[in-house]
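Next up: just one chain, as structure tokens, the form predicted alone.
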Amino acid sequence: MTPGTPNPDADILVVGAGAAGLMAAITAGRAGRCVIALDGAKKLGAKILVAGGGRCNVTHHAVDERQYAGSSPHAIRNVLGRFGVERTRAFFAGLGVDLKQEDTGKLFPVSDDAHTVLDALLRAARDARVELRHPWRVGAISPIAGGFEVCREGEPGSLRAPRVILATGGRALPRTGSDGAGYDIARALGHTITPRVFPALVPLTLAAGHPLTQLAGITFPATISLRAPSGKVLAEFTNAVLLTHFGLSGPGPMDISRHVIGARLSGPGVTITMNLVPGLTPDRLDAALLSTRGLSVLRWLTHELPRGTPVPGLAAPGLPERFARLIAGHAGIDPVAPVTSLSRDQRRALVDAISRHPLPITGDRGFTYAEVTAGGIPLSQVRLDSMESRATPGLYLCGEILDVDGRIGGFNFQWAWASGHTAGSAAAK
């Protein structure tokens, strides 16, 4: 036991046993410290089990600060550099979890089962002599002579330790235990939270009855762009889009969601559009229309070429027929009209419907369906080499409680591993 705290129960108390908390606890335990990890959930690792469609996207093969938002890129890079992708791969390989890289760059366990990841982490915690106590929901953390007293919410009992690692997460997926309670604990210990805390990696909604909601289930690649009232591109992502009964889901909409929500909170006037043929400019699409012969608008939109009629260099959206009819209707064009019959204005209308299709987003599905939280404790309030609080020495912070959120693709888990390992290593010294 570390001396200094009256009757300590452990060297380190970790509050929150999700991805970041488990990594911190394992790291500190392996360094020889007595660690108790506390979590309010009956079953640990709910977020790990639902991640990546139940496969757990552990990390991405190429991680850098450009894939994140929130605190300054320099600060994010500093922390990520302390435990990079190769160290993450080696860490999990040491637990018997080999990772495979998919075409998207995402890394999953070869088992394609998130239980493989969670079971390995829990086994590693036990092997490191970490004591996992759950459900044990923390209500308050109070500084005492030489350390901290951690009190259980709504029940008698408390624990003492010289050091505490706060890894309670944000507010995303509250059913897993991330309900934002950690923010109040952090405030009581001298920290501030960003003025805005809102869902990120969350599906976006359209008005009830919007034509796109009638095409639920259709998936396609697209570039989604967010523009300021001046026309300046504020954010842009190219990825798969899934049309749903409520609006838009899939990697593309979820990647841009935090930027859309943040921009809308800052003021009105932003616009969101999508290009259904990523990589093709309006001019190239117009040129393709001009060079097309013998096809109707519908056939061109669906890329259904007449049998035995080669069309060299054809550029076409390749849309499902129902979607193609919607696009033609949006442009005010008869879908069975020959492409060659279109006037210049009709071509422009069709090109705009394809390359600048408006998305009148009405909102989002909230924290209940968000994968991560935007906002939190700014990185300026921690020492980046240790994740120790600048406000309260002996307190360390890691994971989603901090103002860092990444794109879809394993980036948020990599932040959890990197910040958790840094906090655990420093707290153990």
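The model shown is predicted, which means the values in this text are computed figures rather than measured ones. Throughout, we count residues from 1 along the sequence that is shown.
A second form of this protein, the form predicted together with a small molecule, is not displayed here; the remarks below concern that form.
If you check the small molecule in the model of the complex, you find no heavy atom from any of 63, 75 and 425 within 4.5 Å. The chain is drawn here without the small molecule; in the model of the complex, the stretch among 375 to 383, 27 to 35, 397 to 405, 358 to 366 whose residues come within 4.5 Å of it by any heavy atom is 397 to 405. Put simply, of 242, 234, 261, 185 only one has a heavy atom within 4.5 Å of the small molecule in the model of the complex, and it is 185. Proximity to the small molecule in the model of the complex, defined as a heavy atom within 4.5 Å, singles out one entry of 178, 71, 275, 88, which is 178. With a 4.5 Å cutoff on heavy atoms, residue 136 counts as touching the small molecule in the model of the complex. Though the partner is left out of this view, residue 371 does reach within 4.5 Å of the small molecule in the model of the complex, counting heavy atoms only.
Heavy atoms of residue 257 never reach within 4.5 Å of the small molecule in the model of the complex, leaving it off the interface. Although the partner is absent here, residue 222 sits far enough away that none of its heavy atoms falls within 4.5 Å of the small molecule in the model of the complex.
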